[in-house]
Ligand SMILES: Nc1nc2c(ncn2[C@@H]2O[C@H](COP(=O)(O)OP(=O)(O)OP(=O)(O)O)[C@@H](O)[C@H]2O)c(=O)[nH]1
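Take a look at this single chain in structure tokens; it is the form predicted alone.
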Amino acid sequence: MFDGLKDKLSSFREDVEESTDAEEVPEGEDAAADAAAEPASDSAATAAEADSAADADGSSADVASTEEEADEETDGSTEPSTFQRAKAFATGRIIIEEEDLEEPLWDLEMALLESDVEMSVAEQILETVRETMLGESRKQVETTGELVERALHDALLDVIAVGQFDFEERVAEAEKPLTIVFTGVNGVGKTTTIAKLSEWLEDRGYSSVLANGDTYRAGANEQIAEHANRLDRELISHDQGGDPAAVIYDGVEYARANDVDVVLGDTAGRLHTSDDLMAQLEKIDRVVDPDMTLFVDEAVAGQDAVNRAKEFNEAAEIDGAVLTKADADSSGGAAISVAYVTGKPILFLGTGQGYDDLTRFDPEALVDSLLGEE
């Protein structure tokens, strides 16, 4: 999963290592390095030079001025000075500079965009990596690769973990019945995801009822009914063309009367530009007031999935997302971007065709996987 992005992140790490590990101390800095390596001698020499300067012109102010200029050389700029670089080298450290990162960061930006990572997300990752590494000195006993991995780990986690909450804890603490409505475009596995989540809940001791609010599409009842029969779940449905809000409301009433824990409501696949379907979704919100609305899309849709998630969230606020076909996605762009652009978390990944192929989304585990730290 996401193998293409893994390879590109690994290439970035190697590029930075090559650009920093090939560095040598610039010509003319050997004396400064020697001085930094021998602090006691350095102090004595500095004191002697100061006395000599004072004797020569009778002015201790000139000595103070010289010392201030030395301080400015190290403190007056965010860029490491000649003295800082030489001292770092002499004490077994290497400072990472802008020129070391310029080309690797450009390559990383291109790699992220080619992996369908949304532009603002890629820019945030690059900025975090740059801020973390620029001017950073590392011990020669640790590799630059380790430093890059830490910077990438923090940058990726910052964008992937946005809005995360414990879904199982929220189900456990919610007043029953808990109502969850699913939305998204047609053909992305929304109905199958509902069936998978029903099985996920069953495995954890929660009963569920399915409610088919997709009264718009011919054959929708047959599709969800097949899942309900296989899982031995109750299905609430109306005839095609009926009121979706009424169907899900009936599902809630059934759950209350029969002590069912969770209502899982399907809706017609829609685009944010489809006014009639969006109006149906708004009516469901008014009539049913669901506890959660989950957006479903395919991980393999990449940038399209990211754009749709943003548009759906703006049209009818979502609480989280489920990405299907994650096992077939080599780019990882949607998984990296959806939470950041919506401010709402990815909660589950669909990883296969079986009812058990639904995995809780773990940002830390994903980052570790992308960086080869599993």
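Quick caveat, the model's predicted, so the values are computed rather than measured. For every residue, the number given is its place in the sequence shown, counted from 1.
There is also a form predicted together with the named molecule; it is not shown, and the following applies to it.
Arg217 is the sole member of Arg217, Arg256, Arg204, Arg286 with a non-hydrogen atom within 4.5 Å of the named molecule in the model of the complex. Taking a 4.5 Å heavy atom cutoff to the named molecule in the model of the complex, the contact residue among Gln124, Thr132, Thr192, Gln164 is Thr192.
Contact check for Val159: every heavy atom lies farther than 4.5 Å from the named molecule in the model of the complex.
The closest heavy atom approach of Glu311 to the named molecule in the model of the complex falls outside 4.5 Å. Within this chain, Pro363 is remote from the site of the named molecule in the model of the complex, having no heavy atom within 4.5 Å. Among residues of the shown chain, Gly241 is not one whose heavy atoms approach the named molecule to within 4.5 Å in the model of the complex.
Contact with the named molecule, judged by heavy atoms within 4.5 Å in the model of the complex, is confined among 243-251, 182-190, 113-121, 149-157 to 182-190. Using a 4.5 Å heavy atom cutoff, none of Pro104, Ser330 and Gly333 lies near the named molecule in the model of the complex. Contact annotation for 254-269: a single residue, Gly269, has a non-hydrogen atom within 4.5 angstroms of the named molecule in the model of the complex.
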